[in-house]
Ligand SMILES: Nc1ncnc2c1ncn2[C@@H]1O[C@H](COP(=O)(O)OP(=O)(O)OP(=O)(O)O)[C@@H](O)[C@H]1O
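Let's start with one chain on its own, the form predicted alone, as structure tokens.
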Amino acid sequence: MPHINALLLENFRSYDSLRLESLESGLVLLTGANGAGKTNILEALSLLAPGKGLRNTSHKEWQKQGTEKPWVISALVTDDDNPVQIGTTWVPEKAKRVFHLNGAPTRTQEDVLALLNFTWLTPKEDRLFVDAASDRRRFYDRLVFQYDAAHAGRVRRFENAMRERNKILKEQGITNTTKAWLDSLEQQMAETACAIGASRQEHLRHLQDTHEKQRDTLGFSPAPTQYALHGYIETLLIDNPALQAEEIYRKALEQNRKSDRDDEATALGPHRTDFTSMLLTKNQPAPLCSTGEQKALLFGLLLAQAEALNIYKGIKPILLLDDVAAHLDADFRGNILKSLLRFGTQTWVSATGLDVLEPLPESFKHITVGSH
């Protein structure tokens, strides 16, 4: 099971330099006042894997203000007593972010994800069930990306083709000249959209399966939940074989050219899908649940994601939980911590003080942020 044994930050966010060493393979608690830099540490950890991290921001925001020397994140990762040094930084002359494994550059995201994976919850996710469908879709696609590293590339390809199609429709219209161009883009969109939908559906089945099994294996029973995807593409794939679904969607895009041109947007596609949760004990959609119930649903989803990665991919992700104590009573917090330890992966938790997280397990690593 991989865990972070040491972490080094340079010129990252609020830190000129920070070194954390001799870290526990189980629970690591970060405590300190608001603004001390706890979330910055968790964000740095999340950036050791490909993507924009738990804040979904860019390299310019990761750079410490007032210094031109590029930020650096480096960690010693121990897996079965086999240490690996993973690092990432920004290279200005190439205008790109790079990863290194044991000092050597690596080009593929899969190399990094094979060694290190993260799942997280932040205060932003507290509003997941009541915010826009686009926020839930991005959240869910991040879960799928952890499961299927090619998923993010498919989403980008679809969005690029969709934007190009929309631009052609708006600026050049539907003519004999643009027809072949539109045909090609719509074929690409159809193929990519169905691959996106299929990957989303497969992961949904695994999430639901592991969530139900956890009721027998965890130290507490997560709230019984029904997960669902609501989207044109996902419905097509339920009712039709993949190739037929592609052709149906391609024809729909062709038929909708005029209305999409008038609306300056593509009406149908995986970019409209919503991810929802239902609390089964009350037969109540998540947006109608109490704040505490929504937080419990989020934890159930987090644990289901971690277990799905473990069962179906052989990956035990490191868990990052930022300010998780809010809206939870003491019993539930205690059950959550016990369950995380039982899952057996390294878990980083931030809070303003240890008293907020009581009752605590016997063994954990405590770091007071702001004292370094």
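In this text, all values refer to a predicted model and were calculated from it rather than measured experimentally. From 1 onward, residues are counted along the sequence shown.
Note that the form predicted together with the named molecule isn't included here; everything after this is about it.
Each of R13, N34 and Q63 is positioned with at least one heavy atom within 4.5 Å of the named molecule in the model of the complex. Exactly one listed residue, out of S46, T345, N335, T39, brings a non-hydrogen atom to within 4.5 Å of the named molecule in the model of the complex: T39.
Comment: 26 to 34 is the region of 307 to 315, 46 to 54, 336 to 344, 26 to 34 lying near the named molecule in the model of the complex, near meaning a non-hydrogen atom within 4.5 Å.
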